[in-house]
Ligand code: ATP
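The chain below stands alone, shown as structure tokens; this is the form predicted on its own.
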Amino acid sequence: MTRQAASSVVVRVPGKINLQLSVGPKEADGFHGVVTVFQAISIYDDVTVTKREPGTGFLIEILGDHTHGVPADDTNLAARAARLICHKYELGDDLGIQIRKTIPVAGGMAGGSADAAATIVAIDALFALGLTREEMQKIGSLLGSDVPFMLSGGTAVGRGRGDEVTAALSRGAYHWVLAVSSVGLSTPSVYGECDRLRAGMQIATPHVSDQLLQSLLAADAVTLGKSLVNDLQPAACSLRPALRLILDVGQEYGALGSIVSGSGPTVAFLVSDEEHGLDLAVALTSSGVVGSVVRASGPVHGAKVIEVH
């Protein structure tokens, strides 16, 4: 029996937090070398890619709770991913992309990169391209430094621009409470503020934290909490002073560790278990300094096909 070609594919993709984000000096091209440790966590976007009638062209639709500021045009990273693959493999561009968002927008959780990764996986499945993980990551790195990680998920070390990804040995599951701001922060402006705050200082070449990697290997959440570090956190707090109040609430309620994720403004708190997470979530919600609160766990898989029609 011949298998019917797919007409639509749904891919689920997680958000991420950075357990470590160490930022090197600004380079001649304006970028910074980074070393980061990513963890994919259980907050997901669903991306559906559908073949459209020949000649009807390209359509992108954004649905869900977190849609403000997400472009529904060719500037969307998912749309750019689709254009790139369709051009490379001569697939035409009669495609519909529907993104159902739960990952916060401009929250330091790589929502746009996640959607691009999901689109790569979906088009690969839709057209039976048979791309290897390495081929997908190569396409992903052309789109953004977080895209290669969102393809694989789990826990991983990123180097270079963050796009040179190697899996990190990690045991156990980790419980997170995320304080999500109602207004995002622009990554370029956070890096700009970081440069301003560090002006005149000697900035060392970043390296991965041995203590952090050892705590992941030992499934030691207490030590992991003490090892969380983000060089962009002072800049994010400078641009958004309310983040310091949020960090204080987490400390007061016994979080094992706290960190602004990526360029912010999402703040991630590591907690010991689900019950501790619920207590902290209630405290953050009643504090009045948080847009919304989400509980999640990690690590989880990267972009994954969940439906084929």
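Here the structure is a predicted model, which is why all the values come from computation and not from measurement. One-based numbering along the sequence shown.
Below: the form predicted together with the ligand, not depicted.
Proximity to the ligand in the predicted complex, defined as a heavy atom within 4.5 Å, singles out one entry of 187, 141, 238, 223, which is 187. Though the ligand is absent from this view, in the predicted complex it lies within 4.5 Å of a heavy atom of just one residue from 283, 70, 256, 247, which is 70. Residue contact check for residue 148: none of its heavy atoms lie within 4.5 Å of the ligand in the predicted complex. Contact between residue 104 and the ligand in the predicted complex is found at the 4.5 Å heavy atom cutoff. In the predicted complex, at least one heavy atom of residue 76 sits within 4.5 Å of a heavy atom of the ligand. When the ligand is considered in the predicted complex, residue 120 lies well away from it, no heavy atom lying within 4.5 Å.
Listed stretches are 109-117, 199-207, 223-231, 171-179; the contact stretch with the ligand in the predicted complex is 109-117, by a heavy atom cutoff of 4.5 Å.
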